[in-house]
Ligand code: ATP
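Below sits a lone chain in structure tokens, taken as the form predicted on its own.
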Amino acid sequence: MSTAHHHPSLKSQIPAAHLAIVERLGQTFHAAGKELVLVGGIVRDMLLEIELPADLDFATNALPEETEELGLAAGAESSYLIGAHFGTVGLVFRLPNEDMVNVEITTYRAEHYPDDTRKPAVEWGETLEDDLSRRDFTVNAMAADPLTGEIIDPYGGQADLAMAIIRAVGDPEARFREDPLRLLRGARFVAQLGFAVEARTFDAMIAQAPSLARISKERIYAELTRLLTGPYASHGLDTLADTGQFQQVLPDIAFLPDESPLPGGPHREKDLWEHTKRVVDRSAARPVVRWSALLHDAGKPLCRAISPSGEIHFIGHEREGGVLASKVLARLNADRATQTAVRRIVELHGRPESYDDSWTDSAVRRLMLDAGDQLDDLLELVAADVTSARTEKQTAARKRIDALRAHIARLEAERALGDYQSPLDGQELMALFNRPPGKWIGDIKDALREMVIDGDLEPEDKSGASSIATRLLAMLDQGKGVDTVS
């Protein structure tokens, strides 16, 4: 078993300003007779020579109160307890450029999980190996001496890094029983690193997938978001599906990776799954865009129909997909802003795909107004939503979106979108006609807004709007619609 290796170049991965803090802490703890090591993901990422996180994570055999005292002695400007129960002390250091760096130092732990909850009974570990033995995967169970660069690697994490393998520390079933969130973390590391899951660990994931029911929805949502925004997101999604986790955490769309035939014909859902994964990978790695990519065609199986001529149609799948997106994200307790944004993008994603040079300025303005703050994310999704192997189709799709972007840019330059509103607001309409609030206000405002969008009414023309509103109200009073104004 690998235990310790000197790695003199390791510290060269740490920016110089951060390295000064690392070495100062190491010297302060060493002088006090205490151990201090960089631990976990930061060691993994240094060995992979990928971008390090802004913050630094350490472990120590010092107790929390000792850690706080030593951290302040090493030059921290302030300290705070992240969780006394877990023994983590936060320290804030100021860099020479006045930026702030957060450092977290956790006392060695040896947790055990006495029941079927995720709440561990924490005991302070006596050694670093106690601490590393409780970690999830070997690539995260390494430590580095901040002074020498020595790597402490009792579970073969460096070898697994070299082989691009995600392997549980010790008995994989025991690791997942202790904390089922590790199941999702394993799939997330596949999505982030592009690694494969080791066979015993993979089998344990399948066996333990039902235990994800113990995990809070918020934690599941956070892990899924990290997975979806990874550079190898499709591989992470396959890991979720192949281990049964997808069906546990996303039951409303469990049919997506299902290989069974769809009702009404021989076409297999797997085609939709492969398309969905490709769109996820091709889209911008922003949470709202990636969630929209995952859900954008999820409404298709609900709308699938075959015409008498044998053609397959998915009429209304955008609307059904929007409803389904809301259901999925609400079940995961996603924040309301994300729920609203993803639903809007899913509902609208079919419209930009039909853009051509016959679109009027009015049609483009309506799309801009309907998309609102999600316009850029919508266009990012639509640009990714062409996964045909035919080069000419991909080229045509790129040209279509580029042309739409140019059309939007021209309209934005001509007039701020905020101008495309009814010249009269509700208060002005009630004062004009001396009427109480009611549905009539919305009907008239919508009609006036459409005239502004079409260029038939200037947004500042209150006099003209008042005259038109008078005719519209008369039509409403006669029980007529206000779609047209003669």
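Since this is a predicted model, take the numbers as computed values, not measurements. Numbers for residues come from their place in the sequence shown, where the first is 1.
This next part talks about the form predicted in complex with the named molecule, which is not shown.
A residue is said to contact a partner when one of its heavy atoms sits within 4.5 Å of a partner heavy atom; residue 45 meets this definition for the named molecule in the model of the complex. Residue 140 belongs to the set of residues with a heavy atom inside 4.5 Å of the named molecule in the model of the complex. Although the partner is absent here, residue 136 lies within 4.5 Å of the named molecule in the model of the complex, judged by heavy atoms. At the 4.5 Å threshold, heavy atoms of residue 188 reach the named molecule in the model of the complex. Per the 4.5 Å heavy atom criterion, the named molecule in the model of the complex is contacted by stretch 33 to 41, the sole one of 428 to 436, 66 to 74, 33 to 41, 449 to 457. Although the partner is absent from the chain shown here, none of 275, 317 and 320 has a heavy atom within 4.5 Å of the named molecule in the model of the complex. Between the named molecule and the residues 94, 331, 286, 226, the one pair within 4.5 Å by heavy atoms in the model of the complex involves 226. With the partner omitted from this view, the residue of 235, 300, 182, 344 that lies near the named molecule in the model of the complex is 182 [heavy atom within 4.5 Å].
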